[in-house]
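So here's one chain in two forms, each on its own in structure tokens, numbered structure 1 and structure 2.
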Structure 1
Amino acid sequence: MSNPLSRKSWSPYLVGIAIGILSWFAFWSANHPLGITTAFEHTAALIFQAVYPPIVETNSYFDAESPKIGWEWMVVLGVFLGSLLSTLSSGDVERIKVPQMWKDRFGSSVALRFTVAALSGGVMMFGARLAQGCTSGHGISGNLQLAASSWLFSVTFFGAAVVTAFLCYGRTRHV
């Protein structure tokens, strides 16, 4: 058998089981649920702290939270490195600016795609912080703990995403 890393994809069930086991490991080894967006929040707070120190006195965020480069920050860095490793070993490189599906619907303008990517990425992150979690923190870690907040978040975000996707792509039939 060839090296599994050189495969372009694995069974979604195998990946799901492995992420489930990885979450046991995260809870057991670091006493932390797997999550991504807290690291972004802490990074933004650290940048504010560095460029505009008075914010620490005036913004109650810094009373409630102590932003740091910690376990969660390294998880995000690790996700990038792990994906890079997986991509390079399988040749599944996608150096694209505009995904094909987007191009078919909205045209090949790089400026449009980049603008929407930046804005929608920002809206997504803002929503994640309002709800205190994302597809990892709520969708996987929270749901597996049977947290009521996470199940409500998951149903809500999935519903909103389905409506948005059908409004944007519902008419394209060639996929």
Structure 2
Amino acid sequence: MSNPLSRKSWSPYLVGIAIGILSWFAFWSANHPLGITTAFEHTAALIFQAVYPPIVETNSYFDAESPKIGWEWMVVLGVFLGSLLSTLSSGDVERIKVPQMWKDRFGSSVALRFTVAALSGGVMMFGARLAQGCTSGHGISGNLQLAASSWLFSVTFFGAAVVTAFLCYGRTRHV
């Protein structure tokens, strides 16, 4: 029997079950849904607090919840370490800064690729926080709780992703 950690991909069904168990564990142990966005929000607040404290002190959001390195950061750390462990154990290591599909459409500029990726992530995070949630919170925890808002979010999120992919890449052989 081969080592499952050395496989380049795992069964999506088994991974889905594992994520469900992790979500149950988060509710049971911390009474909190899985989510990551709050970690970045708190990190930004901690940076502003160190540089210019009035920004955080006058923000009403942080009256109820002071910025901290909380358990959400442990999820971020776990995602990073899990990805690193998976990459190293499977040997699936490629140093691709600009994927071929992007290169075919927009050129080989690493700076452009990283700028668009960072801005896109920022827009997605802003939208998630504006909706008072996050992608993983709605997509995993909210859907598991059968929350109508999370199902609506998931349909909208994936629909927007499909439309964005077609707008960026058109109907090429890759999409």
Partner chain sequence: MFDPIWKLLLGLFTGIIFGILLQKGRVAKFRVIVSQFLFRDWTVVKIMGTAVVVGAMGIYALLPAGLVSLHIKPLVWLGVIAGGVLFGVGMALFGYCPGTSVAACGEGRRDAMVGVGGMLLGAAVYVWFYPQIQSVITMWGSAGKLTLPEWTDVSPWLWITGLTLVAIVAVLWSNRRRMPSLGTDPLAGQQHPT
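Reference numbering: structure 1, starting with residue 1. Just so we're clear, the structure is a prediction, and the values are computed from it rather than from any experiment. Between two forms, the rigid core is the largest collection of C-alphas that superpose within 1.5 Å.
Structure number of the form predicted on its own: It is structure 2; that copy is the form predicted on its own.
Cα displacement of residue 61 between the two structures, core-superposed (Å): Looking at the C-alpha of residue 61 between the two structures, the offset is 3.1 Å.
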